[in-house]
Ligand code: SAJ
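What follows is one chain in C-alpha cells, specifically the form predicted alone.
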C-alpha cells in the first residue's frame, strides 16, 4: 500500500475531532468532514464545539499550521476514518444509516488501494457491512484493492487526548493486509500496544469491554436499592467490600449514560438474544435506576408545604464534561418536570449555556447557577459529581432534603 499522506475523518464529534487533531499534530494532512455547518465553521477557525480538555490546543495548532482543515464534503484521500454515530433503533438493534451515509460519500472518491477504518462502535458485522455497501456502489473495486478495518475507540471523555496516545488499541481487518495498514497509521501517534485481529472480533471486543462495566455498575446500582431498603450506607458498604483483594465493585449512580456503556450492550443482546441473559438484565437494572431516583424525589416533595423547589445538579452523563448523550440525568429531569407540574425545578449544568432541547418545553424548569439553585431549593438532587459541586459548602444544605445519587456528600 502506498504511504498515507492524507486522511479524511468523517464525523467531527467527541471521537472524530480528537482523532483528526492528533493525526494532524503528528504531521498528517487531515480533512475533517461533518454534516453540521456550525461544526465545520468552528473547526475551520481553530475552535472546538464541545468540552474536552487539551483538545483546543491541538485543533488551533493544527489549523494554524495548515495540517487540519474542515469541510462539508468528503474529499479524495489516502485513508478514511469513519467516526459517525451508531445509535440504536426502538427495538434496540443498531442504526447503521450514518455508517452507510459515510460509505456512500466515500465511494465516489475511491481509485483503489485506499484504507477505510470504521471507528464507530458497532455490532458484529458492521465493518463488513460498510465494505459491502461501498463495493456495491463501486463494482470496479474489490476487497483485494480496498483495505477495510475496524479500530474501536476506547477513551474516557475528559481524558481523550491523553488516552488516544497512551491506551492500547485493537485493530481488526477484513483482511490481514487491512489490519496491518491500519496499524501503521495509528502508530503515527499511538504509544500503546496495537493488537491485530479480525474485524468481527475487534467489534465484539469493544462491546464486551463496555458490557463488563455495565454489569458491574448494575451490581452496584442493585446494591444501592437494597441498602436503602435495609438502612445501610451503600458507599461505606462498597468501600468496605473493596478492601478484599479480589473485589472491585464500581460506584452506583442515577443510571448509566453516554454513547458507550448505555448503548453497546444492546448490540450484543440483539446479536444473540437467547444467550445474552446476564448482559440484558444488567441493561434492565441500570435503565430502571432513574425511576428509583424519581421515587426518592416524590417522597421528599410530599414533605414540602407549598410549591416545592428542587435543585437538579448536573445533566451530563458523567462528571466535568458537557456530553448529554443518553444521560440518565436528562431523562430524570424530563420526567420530574412532567410528573410534578406543581413543583419548580432549578436546573444546574455548569458546562452548558442554554437549556437542552429535551427540557426546553418544561414550563416549570429553568437553568440557573449553582448558588441560586442551592439558595432557593427545598430539595437538592445531585445527579452528576461535577468538580464545581464538590466545593458547595455543606452548611448551605442545612434544612434541605438532599438526594445524593453519587455519594459526594456521604
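The model shown is predicted, which means the values in this text are computed figures rather than measured ones. Positions refer to the first chain, counted from 1.
The form predicted in complex with this ligand exists for this protein as well; it is not shown, and the discussion that follows is about that form.
- This chain lacks the partner; the member of 210, 331, 74, 270 within 4.5 angstroms of this ligand in the model of the complex by a non-hydrogen atom is 210.
- Shown without its partner, this chain lists 260, 83, 116, 282 as candidates; in the model of the complex, only 260 has a non-hydrogen atom within 4.5 angstroms of this ligand.
- Three-residue candidate spot 54, 188 and 194; no residue lies within 4.5 angstroms of this ligand in the model of the complex by any non-hydrogen atom.
- Looking at 196-204, 75-83, 316-324, 178-186, the stretch with residues near this ligand in the model of the complex, meaning non-hydrogen atoms within 4.5 angstroms, turns out to be 316-324.
- Contact annotation for residue 157: at least one heavy atom lies within 4.5 Å of this ligand in the model of the complex.
- Contact check for residue 164: no non-hydrogen atom falls within 4.5 Å of this ligand in the model of the complex.
- The shortest heavy atom separation between residue 256 and this ligand in the model of the complex is within 4.5 Å.
- Although the partner is absent here, residue 232 is not a contact residue: none of its heavy atoms lies within 4.5 angstroms of this ligand in the model of the complex.
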